[in-house]
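Quick heads-up: it's one chain on its own, the form predicted on its own, in structure tokens.
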């Protein structure tokens, strides 16, 4: 499968093509091109670093949506291996394929992992509803969280959604109520809860599984009440101003950390999570284990109180 390059990654694509062409010349003509290849690889490294250390908010939004970026099931497979059992259904309406979850073993410890799944091709995206859960998806997530609480298992949520499904049927089945109930119930869960934004974190669709003791974001992800395109269409009546909207929304991981809306940022490999998924999985696993060790030291009541205080203090301005 051909590598997908974003618009601003054009210089990276050109350098990689040059490296391939140079190696082909060396192979076909038996000429030593190692020195040239080494120079090109150094230039590629420097160019990639320059581009990815100066990304605009809109470019980070684009990286978060990269089609080769790892999705929830990729993380589950690499964090738990074969030691994962997916659990299905909300015990009321249906099994929402946009929301996946189940029990897995993380470094020898049983945990409940829940997250949105987008799908890697057109057929799977349709099957997963493009990662946009219906009410039954949030009710399934809550059922699994309550199960984890019952059996004293930590909860890990992986957030990656363009938003909750906005269809008429979803509203008829109580989309708003389902998300609101999750917000309330997650506040008082007795077990440790760690939430990680691995891609897009849009609106209540993301927040519906985003209340935790620790809320983390991967470096090239975004978290906001609305997408840049939707914000642009509301304010300017056009999608043409999505870049300005992305700047104004302060939706990047750095902005969210600066405004104390998330607890930490997980650094991505140079070139984004899609450039080196294995390194990304390793960083996410290390971060989860680090925060779990910290949360294990607190009793359930203290964790709940800290969780409530953290979210209640957001957006509050105190006059000195």
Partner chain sequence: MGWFKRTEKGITTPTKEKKETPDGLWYKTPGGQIIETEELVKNSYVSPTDGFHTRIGSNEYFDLIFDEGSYEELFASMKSGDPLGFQDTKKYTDRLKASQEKTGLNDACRIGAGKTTSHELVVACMDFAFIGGSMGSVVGEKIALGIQAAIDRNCPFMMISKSGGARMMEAGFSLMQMAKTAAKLILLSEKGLPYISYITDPTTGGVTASFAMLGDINIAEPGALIGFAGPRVIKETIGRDLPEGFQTSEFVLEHGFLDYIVDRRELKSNLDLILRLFKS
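Quick caveat, the model's predicted, so the values are computed rather than measured. Numbering follows the first chain given and starts at 1.
This protein has a second form, the form predicted in complex with the partner chain, left out of what is shown; the following refers to that one.
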Could you confirm whether residue 188 comes within 4.5 Å of the partner chain in the model of the complex, counting heavy atoms only? yes
Although the partner chain is absent from this view, report whether residue 130 comes within 4.5 Å of it in the model of the complex, heavy atoms only. no
Would you classify residue 165 as touching the partner chain in the model of the complex, given a 4.5 Å non-hydrogen atom cut-off? yes
Close approach of residue 117 to the partner chain in the model of the complex, 4.5 Å, heavy atom: no
Which residue, 73, 103, 106, 249, is the contact with the partner chain in the model of the complex, using a 4.5 Å heavy atom cutoff? 249
Answer option from 93, 124, 235, 85, heavy atom within 4.5 Å of the partner chain in the model of the complex: 235
Would you point out which of 74-82, 179-187, 106-114, 145-153 contains residues with a non-hydrogen atom within 4.5 Å of the partner chain in the model of the complex? 179-187
In the model of the complex, do 55, 58 and 98 all put a heavy atom within 4.5 Å of the partner chain? no
Heavy atom within 4.5 Å of the partner chain in the model of the complex - qualifying residues of 116-144: 139
